[in-house]
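In the block that follows, a single chain appears as structure tokens, in the form predicted on its own.
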Amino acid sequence: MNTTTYNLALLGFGNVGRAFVSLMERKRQDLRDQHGIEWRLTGVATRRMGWIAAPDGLDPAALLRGETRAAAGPHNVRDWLRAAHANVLFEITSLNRETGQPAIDHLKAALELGAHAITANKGPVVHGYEELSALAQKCGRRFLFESAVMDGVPIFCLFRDTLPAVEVHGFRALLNSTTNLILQQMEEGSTLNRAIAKAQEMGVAETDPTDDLEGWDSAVKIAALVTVLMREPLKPQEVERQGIEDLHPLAVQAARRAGHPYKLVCEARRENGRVQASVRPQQLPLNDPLAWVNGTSSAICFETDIFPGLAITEQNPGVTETAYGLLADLVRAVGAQKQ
């Protein structure tokens, strides 16, 4: 198979970025033999490391060991992308749920400079989907974001690539692994604070878990799914939102014993021409498939005009699954370019 070498640039190099580089190294031969993709990492940028550009390629092993440092060079995203000769930008910075910035501007810069734009960040999907999609089409590049919701599980590409002309009427889902784990810990006797500490110890919860507990993380994910799959722009503030912070452990335990456990349920449905969306704790009967989703697992059940019930579940994912979503988007982006 003929191969093409692509210069990859990573904006953000936390747990997901490190997992991505490790996975790309592990899959290097598969990417070459099965997809004709050779790659080199020519740019990495973080607040701590600065703007690192090396058009001849960085040593992935040295980068993972923390031995790579920025020299004098670029000082902004456009100069950095040019210096790295980037063909693909992976934008994996922190979420800004209010505006999606500056990630949107980073992705715009990549597209305008001729690079594919791939992100694991929900913010640009919610706040910049139409603009970035139109820009990508104009520039002959791809804007992809499979890792933004449910890690690397094929949610967006399922409908875009595999189920053409299927209309999504609505969905019910458990989309926040932190609250799912916390509720399970509370069912087993933990206080809310102890359950949060356990989730933080496992690396599931952030140092400040407010966005998870108050339902904001779920609301952003709902907004992303509705915007893309139901083709109706929706902002997180428009999602009816109630978190789990006021649930008492005794109530959670009693609900489980009664066979109606609490789950933080995300819902969206088109009614009278408009999409109504919410996230709130609900007691579910045990014959509801969402009632059996525990730990850090997630699940979503779609209602469509063709399939009345289409469910996807992921079991206790980690950063490798998120990293895989980035890898899969790379294959989709450059595969389309090769055709």
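Source: prediction; values computed, not measured. Sequential numbering from 1, following the sequence displayed.
There is also a form predicted in complex with another copy of the chain; it is not shown, and the following applies to it.
Annotated contact segment (heavy atom within 4.5 Å of another copy of the chain in the model of the complex): 280-288, selected among 56-64, 267-275, 41-49, 280-288. Residue 24 falls outside the set of residues with a heavy atom inside 4.5 Å of another copy of the chain in the model of the complex.
None of the heavy atoms of residue 13 is located within 4.5 Å of another copy of the chain in the model of the complex.
Among residues of the shown chain, residue 76 is not one whose heavy atoms approach another copy of the chain to within 4.5 Å in the model of the complex. Proximity of residue 83 to another copy of the chain in the model of the complex: non-hydrogen atoms within 4.5 Å are absent; the residue sits far from the partner.
Of the listed positions (255, 175, 153, 230), a single one reaches within 4.5 angstroms of another copy of the chain by any non-hydrogen atom in the model of the complex, namely 153. Heavy atoms of every residue among 312, 315 and 321 are located within 4.5 Å of another copy of the chain in the model of the complex. Of all the residues from 292-312, those having a non-hydrogen atom no more than 4.5 Å from another copy of the chain in the model of the complex are 292, 301, 305, 306, 307, 308, 309, 310, 311, 312.
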